[in-house]
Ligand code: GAL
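We begin with a single chain expressed as structure tokens, specifically the form predicted alone.
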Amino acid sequence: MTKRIVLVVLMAALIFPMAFAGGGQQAAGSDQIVIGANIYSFADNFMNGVMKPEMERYAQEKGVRIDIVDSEGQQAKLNDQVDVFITRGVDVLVINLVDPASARSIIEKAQRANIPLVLFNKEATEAGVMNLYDKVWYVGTNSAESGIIQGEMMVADWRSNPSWDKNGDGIVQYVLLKGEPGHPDAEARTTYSVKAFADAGIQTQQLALEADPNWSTQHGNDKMAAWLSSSFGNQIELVIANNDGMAFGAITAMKTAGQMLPIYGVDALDQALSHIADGEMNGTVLNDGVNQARASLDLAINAARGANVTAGTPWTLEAATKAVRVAYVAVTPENYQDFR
């Protein structure tokens, strides 16, 4: 009889593996919520250095389990990872899209499995796709806001520093490190940071613009070094970086070349604050990854419990977009210590 009982238990383990592996809608014998999450690329300074550790810390604080995987910048890999999460029977998905245009495929996978889905940091670009499923929400920012804030800082500093206009022509000659082509943040920051000058009645001239799908420090270094040694290198008056990581590389290249130019980034990473303190960076914009991480998990936990996703939280949901927006903040030499 004892052998027969053991055989039945082993057969059940093969048929229902998640009940024994700690997965399933909730771990066997436990009420702990299980979250399947990803980061589009662990190579991203901001995503891996700010959002991932805060998600892990906050999940522990909330008493939930979170498994975070690296999609390595490949949408196809993310699609497979979501399939694995669904097969494991996680309670909720918290997904950082690789390609914002591919949101539909992820939403449809979640819908077929009837698993709540929170997209974060990269907003779906397809119109109306968020309305396909009643259990999908977004956490991120207003993409234009970071460019507007960065632009306003640059305009104010340009007006306060006439010596920045090296050739005295009244025109801002700039180079721009864009980041990932097609990413809503990269596109909006590129547009609105420069638009601030036009809105202020100041002319600009773009000397060079370079995109980088990885938003990397190495890319910023390589491109800035190439620009400084180019035929227009001595004409550059301003460096605009759509994230701090690329700005760090540009700063290294400038220091190597012995040419320090005004430079602005976005994210307010710790290293950016150190560069501001050292007078090597003129400003950045706080991309509040800590609160984006917390909002993503707050919505996910409520969704897994079948509650209103913003219940008991400080977050406000935009009805039209099903989105929680976390505000950007200007970080300058005057206030950078507040963010350390």
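In this text, residue numbers run from 1 along the sequence as written. Worth saying up front: this structure is predicted, and the values here are computed from it rather than measured.
The same protein has a further form, the form predicted in complex with this ligand, not shown here; the description that follows concerns it.
Checking A303, A37, A293, M47 against this ligand in the model of the complex, a heavy atom within 4.5 Å turns up for just one residue: M47. Segments offered: 81 to 89, 104 to 112, 118 to 126, 252 to 260. Contacting this ligand in the model of the complex at heavy atom distances within 4.5 Å is 118 to 126.
Of the heavy atoms in N282, none are within 4.5 Å of this ligand in the model of the complex. Shown alone here, S193 lies farther than 4.5 Å from this ligand in the model of the complex, counting heavy atoms only. K223 falls outside the set of residues with a heavy atom inside 4.5 Å of this ligand in the model of the complex. Scanning 180 to 204 for heavy atoms within 4.5 Å of this ligand in the model of the complex gives H183, D185, R189 in sequence order.
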